Structure formats: C-alpha cells, structure tokens
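As a starting point, one isolated chain is supplied in structure tokens, in the form predicted alone.
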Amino acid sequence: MGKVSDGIAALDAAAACAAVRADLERGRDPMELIDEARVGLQEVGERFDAGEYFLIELIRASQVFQETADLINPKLTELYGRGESRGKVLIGTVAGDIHDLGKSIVKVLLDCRGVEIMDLGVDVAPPAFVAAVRDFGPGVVGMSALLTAAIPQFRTTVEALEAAGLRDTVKIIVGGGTVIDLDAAMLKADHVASDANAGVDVMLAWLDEAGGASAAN
C-alpha cells in the first residue's frame, strides 16, 4: 500500500488526493496510480468483510476513490489518449441496494481503457435498465449488488430486458460479494464476476470480440 491507497482505506479524501497530485507532479505513471487506488478500495472491502467497516464506509470509500480518479483520468487521456471507442458498457447497482464500491472500480478501469460508460448509479429499477439499454445501445450490461436481499433483482432485471426484446442485444455480467458463489444461469446472466478486475477483463474480451466481428462483416 502507498499513500494513495492508505488515504482511500482511511476514507481520507484530502490525503488521497494530495498523494495523487504529488505523484503526478513527480511524473508517476497514472496507470500505476489507478492500480494503487484500486488496492485501497480492496482494503476497504476487506475491512467491511471483517466487520470493521459498514455500508456507510463503503459509500464514502467509493466517493474518495472517484475523487482520486477524477484527478488521474485527465493525465491518462493526455498520455494515452482515448482513441477509438472499444464499445459501450451500461452499469448500475440493482434495485434495493446502494452498494457502489465494486462498480466504482469497474467504471474507472473501463474508462481508462477506452470504453464508453453509462453509470445509472444505485438502487436502479428494472425499467431504468431497459430504457438505458434502448437509448444507449450498450454491448454489455453490468449489474452489481452487495445485499443478499437484492439478488432476485438480477433475474428480475434480465427478465425485464427479455420482455422488452432487448436481452439478445447485450451480454450481461453481475458482480458483488453476495453473488460470487451463484450460478450465472440461475441469474439469467452470461457471467458472474469474482471481483472487479476479473469482471473488467471479461467485459473487455466481449467488447473486443464484438468489435472484431463487426469489422469482419
């Protein structure tokens, strides 16, 4: 852990952002800073699992992480550019849940890899996912949840997409601490992600495959 990750783990936005600014001024690779910030969020998750942090701390950690990402992303764009879009991803936390931690990591990791993202936020009802898929036209839909009570909303949301005739237009991935041991078929999803990094890898592979298929046609 470094100063950035320490600041995030301590829920100290001022310290985390100051560390980011200092490292950027010293010329540190912004991709390294994104990775360090992610480590800080992982520490928050571990403290939550250990009962040291609660939901309010998870929400605060997500906010701190986003503040650091807002400082890092312009430098990423300056150095690496965005280039041609790799595709579109729609993300959101399902209805009945306000967990935002993993989704925040996914959003930043996709953004810095040239993916267009629409983030619906938290406590997102199935009709909102349906409307966004219709309007935004993503190749992938990512849904997250932390609370066990919200798990049925994964299937409910997928069924809403089916009813709207949109299910076959997207790949669906779900994630969150409560779903990693669940079967994707039971949730009517294409994949269950074990963590944010693994989920991003799967989404990028889907997008790149779809892009390659489109180029071949």
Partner chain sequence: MSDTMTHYERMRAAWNCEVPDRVPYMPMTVYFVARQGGLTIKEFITEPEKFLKAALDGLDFIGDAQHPALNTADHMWMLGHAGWDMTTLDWRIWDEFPPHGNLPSIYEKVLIQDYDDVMERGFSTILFSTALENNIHERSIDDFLYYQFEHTKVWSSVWRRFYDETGIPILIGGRAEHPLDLLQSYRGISQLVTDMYTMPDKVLEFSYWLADYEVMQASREAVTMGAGELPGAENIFFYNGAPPGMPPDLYAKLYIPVAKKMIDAWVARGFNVWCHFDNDQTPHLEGLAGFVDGLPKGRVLLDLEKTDMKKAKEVLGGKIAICGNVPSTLMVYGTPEEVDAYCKKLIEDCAAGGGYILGAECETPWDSKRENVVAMKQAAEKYGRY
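Just so you know, these numbers come straight off a predicted model, no measurement behind them. We call the rigid core whatever largest set of C-alpha positions still superposes within 1.5 Å between the two forms. Positions refer to the first chain, counted from 1.
Separately, the form predicted in complex with the partner chain exists; it is not shown, and the next lines address it.
- The three residues Q63, A149 and P152 all sit with a heavy atom within 4.5 Å of the partner chain in the model of the complex.
- The stretch among 175-183, 162-170, 38-46, 23-31 whose residues place heavy atoms within 4.5 Å of the partner chain in the model of the complex is 175-183.
- The contact with the partner chain in the model of the complex, taken as any heavy atom within 4.5 Å, belongs to I98 out of I98, C112, I117, A128.
- Note on contacts: among A19, L207, V200, L11, the single residue with a heavy atom within 4.5 Å of the partner chain in the model of the complex is L11.
- Within this chain, A50 is remote from the site of the partner chain in the model of the complex, having no heavy atom within 4.5 Å.
- Although the partner is absent here, E57 sits close enough that one of its heavy atoms falls within 4.5 Å of the partner chain in the model of the complex.
- Here A14 counts as shifted, since its C-alpha moves by at least 2 Å between the shown form and the other one after the core is aligned.
- V44: CA moves 2 Å or more between the shown form and the other one after rigid-core fitting.
- The pair D97 and F48 is looser in the model of the complex: their Cα-Cα distance rises by no less than 3 Å compared with this form.
- In the model of the complex, the CA atoms of D195 and L55 sit closer together than in the displayed form, by at least 3 angstroms.
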